[in-house]
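Taking the form predicted on its own, here's one chain by itself in C-alpha cells.
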C-alpha cells in the first residue's frame, strides 16, 4: 500500500467585500486571501478495497460522505475510473466552522494527494476546476499563493508583493454557520467598488486595506468578536479583523514575541482558542 501525508493549511481574509447576490444563490465577492501555517494533517493510503473511507474523530466533522474530503476523493476516483480505494485520516488542528477554511483546505489537499496516489497527472488548473464544485475556497488552497479572489472565490490573481507577518488567531469557540451569516447580510448592490492595491510593502500598508462585510452580521450575534478585536489592538497588534464569516479574529504583528505575549494575555481567564501563526 502507498501512503502519503500532507499538511493542509488554513487561511485568513485580509479583505472580504460582498458585491452582489447572484441568480444561482451564490454571492460575487472580492477577497484578499492569505494562507497561514496552522495545519490539519491528512494521511492518504491507496487501498485494494474500492471506495473512500475517511476517519477524523473530531467533533462536528463527519467521517463519511458528509465530509468534504470524502467528496473530493470520491470525485477523483469517479473521474479516473480507478477500481482502487482510498483511506483518509484527518488529524484536525484547525477549528471547525471558524472562518478559517479548514474543510476547504482538507478537500484541496485530498485532491492534490489522490492525484499523486493514482498518478493521474492532473494540473493544478484541472484540480481547481474540480475543487470549486466542492467549495468556493477550495481552488485557493490548490493555487498556493496569496491572492485576490473574485467571483465566488474561484478567480484568483496573485499579489505582486505582500509582507511576511505573525498572526494571532483567536477563536471564542462559538461555531458560526456561513449560510446563516449570508442569509442575514443586509446587502446593497454596488455598481462600482474602489480598487485595492496588488502590492503591499509593509504590514501597515496591509492593515490599511483590512475590511470584512460579514463582520457586522456575526458581531451582532456574538459581541465578543468586537471585544477580541479591541484587545488585540490594545496589546500591540498593528490591525485586527474577523476572518471569513467568523468567529475567528486575527491580529497582525511584526514580531513573534509580541504576538506570543498577546496570546498569553488573551488566553488568561478565557476558554478561547489562541494560536500564533506565520504567513505562508
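Residue numbers count along the first chain shown, from 1. This is a predicted model, so every value here is computed, not measured.
The discussion below concerns the form predicted in complex with ligand ATP, not included here.
Interface residue among 113, 131, 153, 103 relative to ligand ATP in the predicted bound form, by the heavy atom within 4.5 Å criterion: 103. Taking the partner from the other structure, ligand ATP in the predicted bound form has a heavy atom within 4.5 Å of a heavy atom of residue 92.
Remark: residue 120 does not count among the residues lining ligand ATP in the predicted bound form, judged by a heavy atom distance of 4.5 Å or less. At a distance threshold of 4.5 angstroms between non-hydrogen atoms, residue 178 is in contact with ligand ATP in the predicted bound form. Shown alone here, residue 210 lies farther than 4.5 Å from ligand ATP in the predicted bound form, counting heavy atoms only. Residue heavy atoms within 4.5 Å of ligand ATP in the predicted bound form occur in exactly one stretch of 53-61, 231-239, 22-30, 215-223, and that stretch is 53-61.
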